[in-house]
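To begin, one chain is listed below as structure tokens, in the form predicted alone.
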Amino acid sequence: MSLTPISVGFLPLVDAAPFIIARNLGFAAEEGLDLSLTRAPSWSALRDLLAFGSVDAAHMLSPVPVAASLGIGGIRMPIDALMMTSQGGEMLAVSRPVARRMRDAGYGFDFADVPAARAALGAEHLRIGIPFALSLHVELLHRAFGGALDLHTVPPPQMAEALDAGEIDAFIVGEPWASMAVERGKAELLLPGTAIWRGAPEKVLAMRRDRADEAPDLTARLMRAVWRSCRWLESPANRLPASEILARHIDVPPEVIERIMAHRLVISPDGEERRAPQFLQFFDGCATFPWRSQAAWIGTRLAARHGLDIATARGTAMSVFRTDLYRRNLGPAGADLPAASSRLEGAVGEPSLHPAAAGRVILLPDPFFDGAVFDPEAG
């Protein structure tokens, strides 16, 4: 059988796993796809590769399709999020001198208490590295630490070097680059992003809208391959083989990746460990479903910080998260389909059953650290 070529861009992160596994374990080939992977050096480069047609689809930060559709960031182009590919996976780390100051002041690095971490860190006086201005990392920082932050864009693999060079004092980044900074003796882990928002929508399968519309069968096959990869990745039995495959694509030791996938983080060069529940989710709890309420949250945050009309931005953002394609293409494959495409974000306090298109689905906790609830229909 001849395979249809399709190219996907990615950054070297653990949450690129759905794309790497789809290629390496044959999920793409079983859908008749010859999936090639293009490794990009930065998020801006990957966005441009997608926008200008150098790749067909991309492993992408969830705010980027929304920002592109709103014309934020220098590109105005309809780019869609066809499905979620991961939740969480972000980590806030600090330099060893900053960590030492915090420990000397009595802070215990509990990995859970955001207000205590904010008070101990004094973030308004620090230079903080971010992977891209249009990222959930930035939104989580502003949510937890306020608006007066000194942010500096650094490609994810270069965070440890920037810290060591004294260019930044702290950073937030997708794993494994925070853990690798710890491995190299350059940093200590302060907070997982999930301490700020449990189940935050981190990465998506992104595609230009015109490309998705002109090749609906190709789009459906790619979605099914990635969805099956996400399902495979969620099984604890697959962590070791997944880690060994990922290590070859992102150039870090497989044991570091396996710890991350098990939500078991080494927070300091002394070997101290913490567990982070739901730290990185690929499938369980409808993790692949592109909730339009999450898109509305992103659109609201971007509009507020870029001076856009919030109601218009919400509407545009919600149209970018393609629940229609998800239901059409993945429902027949066996995906859980919530009855509604929007919900109250931050309202699920414990694993619970919710109405579905057929029967019920289990949703996992998604609280914000401050107990807030986001209503996408509120004015």
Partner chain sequence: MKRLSIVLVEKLPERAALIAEALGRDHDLTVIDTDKGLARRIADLAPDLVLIDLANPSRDVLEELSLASSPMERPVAMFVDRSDQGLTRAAIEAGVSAYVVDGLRAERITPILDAAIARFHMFQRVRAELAATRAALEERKIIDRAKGILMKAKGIGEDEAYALMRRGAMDQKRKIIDIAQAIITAAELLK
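Numbering follows the first chain given and starts at 1. Since this is a predicted model, take the numbers as computed values, not measurements.
What comes next is about the form predicted in complex with its partner chain, which does not appear here.
Screening 319, 38, 44, 342 for any heavy atom within 4.5 Å of its partner chain in the predicted complex leaves a single hit, 44. This chain is drawn without its partner chain; in the predicted complex, the residue among 133, 112, 262, 245 with a heavy atom within 4.5 Å of it is 133. The three marked residues, 200, 229 and 329, fail to reach its partner chain in the predicted complex, with no heavy atom of any inside 4.5 Å. Shown alone, this chain has one stretch from 52-60, 334-342, 350-358, 23-31 that lies within 4.5 Å of its partner chain in the predicted complex by heavy atoms: 52-60.
Although the partner is absent here, residue 165 lies within 4.5 Å of its partner chain in the predicted complex, judged by heavy atoms.
Although the partner is absent from this view, residue 126 stays clear of its partner chain in the predicted complex, with no non-hydrogen atom inside 4.5 angstroms.
Using a 4.5 angstroms limit between non-hydrogen atoms, residue 268 is distant from its partner chain in the predicted complex. Mapping the unseen interface onto this chain, residue 72 counts among the residues with a heavy atom inside 4.5 Å of its partner chain in the predicted complex. Shown without its partner, the chain has 306 as the single residue in segment 286-308 with a non-hydrogen atom within 4.5 angstroms of its partner chain in the predicted complex.
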